[in-house]
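One chain comes next, on its own, written out as structure tokens in the form predicted on its own.
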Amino acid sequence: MTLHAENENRVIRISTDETDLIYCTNSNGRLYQAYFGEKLLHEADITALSSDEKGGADSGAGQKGWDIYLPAGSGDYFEPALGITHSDGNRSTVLTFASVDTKSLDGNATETIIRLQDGQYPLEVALHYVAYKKENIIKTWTEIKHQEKKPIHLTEYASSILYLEHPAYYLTEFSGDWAKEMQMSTQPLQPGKKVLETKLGTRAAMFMYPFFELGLGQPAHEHQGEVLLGTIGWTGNYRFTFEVDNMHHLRVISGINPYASRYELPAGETFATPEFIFTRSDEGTGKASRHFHAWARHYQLKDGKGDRMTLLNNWENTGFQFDEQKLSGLMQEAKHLGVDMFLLDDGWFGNKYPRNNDRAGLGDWQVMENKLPHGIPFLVKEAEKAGVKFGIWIEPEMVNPKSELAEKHPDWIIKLPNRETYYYRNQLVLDLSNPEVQDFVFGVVDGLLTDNPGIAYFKWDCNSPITNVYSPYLKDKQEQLYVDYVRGLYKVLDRIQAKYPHIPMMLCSGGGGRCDYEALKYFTEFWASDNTDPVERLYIQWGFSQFFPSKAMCAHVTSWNRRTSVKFRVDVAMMCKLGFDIGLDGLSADERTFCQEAVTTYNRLKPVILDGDLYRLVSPYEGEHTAVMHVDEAQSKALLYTYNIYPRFGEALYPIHFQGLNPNKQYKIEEINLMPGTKSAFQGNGQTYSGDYLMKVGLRLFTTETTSSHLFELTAL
């Protein structure tokens, strides 16, 4: 391609209020990243970038630079963002700048579309960027299409590639397993590649979570330093590649994991990658997290500006063993607690193969007659009589071999045709690449809501990764299963959203195995972990809070870790979207009263907890104490949570330095969530301090009492 004169020295600027990402064309017609960092103040400096070639890797044509979307076979020596086998077998692609368009989306966001093309093949790559000015978030994705005579094959198809140039890079990753989700660890990046990925298909975040933090020049710190936070919006296999090259530049490539996923793209069709979402901050991870939280509430999370219901779940109370009388009693307990809803968990369905354990019934979504002879309508009415709403658990993507569905439709199940079947949790995955299966899964929700319009909430679970990876539907296109499965899931969720736009849903996957921002377009919240031990939850919730606002994370009070007090368990759960999964019969009168009063307090402070700014003050990873606080937008109300985990004997206790307050306002501080009959031991309780004093001098609020907690309400006078 010959670059048109009007495109020479083209400068493309993608900006938020705090960040610039700038691309420039070079004399060879290709587009390069020229700058990524703090927003530049002067237009003349931006123009100067077009003549300042970056010292990146040799492009193979005598030019230097960081290619905006590096394709394989174009002369670079490092990991490509795009790999194509053209219809004639040629595996090389060279992309040159074609055009750019910008448009305002809502006054706060701007979309930039950069189109690249190959001069030898009828191939177009469109790079989309949406910059949210106030929230300082940029999301980017790529669309690939062509007009070759035969299909092309995509072997690499990243959402984004970013380049960084710093003396050192420190990667914080998030890993775990069932009941130990979102554990944080940090390491320096050395020359070569570091890859974070998953190959699990459905329960994609079970071992490695789709988030990262980069400390630039130093390890990522909560309150200071330059950091980059990124995540991928994809409910399936993803991959982040961090490559430090020979010049000590860092490339960050994000997208779908191409493992076993070569994709055939016919002419005229468009392949769209997931969104890569990122922010940078010069004031540490705390500020970067608040960027994500504000963006999610305003733009990404389903009903992000709306309320959230408190609830009582039956699972820890009953497991699979319940009947109508027992459930009706729990609904009365829900009303007694003061929560908004009763949630019926697993075990309510299946007749030929009753769901009395996890070995049978999945796929047979008819009410179990011997447990619930009067069906779901009876339970909805019982909830109404108790004065609470009714929610229900489903796992519609899965099937037990012992089910009528498996007998009737073995061709709907992902399963190898000629090898011994491996079962994870006694179940298999339905093939959502198949439109008939999509209809079935949509029908589970549609049927329940058509017959029972009083259902107010769904808990959507997904307990198994994809095993025995073979699709009867895809036949000779097996490598497309991982991608087409997720797209099939989104088609189902789109249909649910279109027909039932206001139904709240919890995203659950054996705990926190699904927690991405694309899925959360359809779900109001997610279940962070089956581990509700309050000590463990301090770490899990700290990790998830790096990217998610409090209203997106469900936290329940249960009987896990009975060595801790009910107050400690409630105080930990009140940091997020509060729920209960505990029997009131096992609590003392004072504990029941405390829980009731805590629900009342939570409802009163919901605007601060769910929509306020989160400040992480003291990390549980750095000692035996932790503290966080929520502050409302007007800086007129705040809530401080302090937790003493396992303090050492005689250890020094340091003041907590508050954040997010107005230094010129006076704040009255009062301890709340006290057990009946007790008074605050804090000597300053009820006193007034300036915001400046609280942030600079602080208050000594930690104690040496094991697994204890104190909540403080701050009110501006």
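Counting begins at 1, following the sequence as shown. This structure is a prediction, so every number in the text was calculated from the model and none was measured.
The discussion below concerns the form predicted together with alpha-D-galactopyranose, not included here.
- Checked against alpha-D-galactopyranose in the model of the complex, the candidates W412, Y163, F523, W393 yield a single residue with a heavy atom inside 4.5 Å, and that residue is W393.
- When alpha-D-galactopyranose is considered in the model of the complex, only one residue from G286, G510, G201, G176 comes within 4.5 Å through any heavy atom, namely G510.
- For R425, a non-hydrogen atom is located within 4.5 Å of alpha-D-galactopyranose in the model of the complex, even though that partner is not displayed.
- Among heavy atoms of F548, none comes within 4.5 Å of alpha-D-galactopyranose in the model of the complex.
- Though the partner is left out of this view, Y129 does not reach within 4.5 Å of alpha-D-galactopyranose in the model of the complex, counting heavy atoms only.
- Although the partner is absent here, D530 sits close enough that one of its heavy atoms falls within 4.5 Å of alpha-D-galactopyranose in the model of the complex.
- In short, of 600 to 608, 212 to 220, 453 to 461, 621 to 629 it is 453 to 461 that has heavy atoms within 4.5 Å of alpha-D-galactopyranose in the model of the complex.
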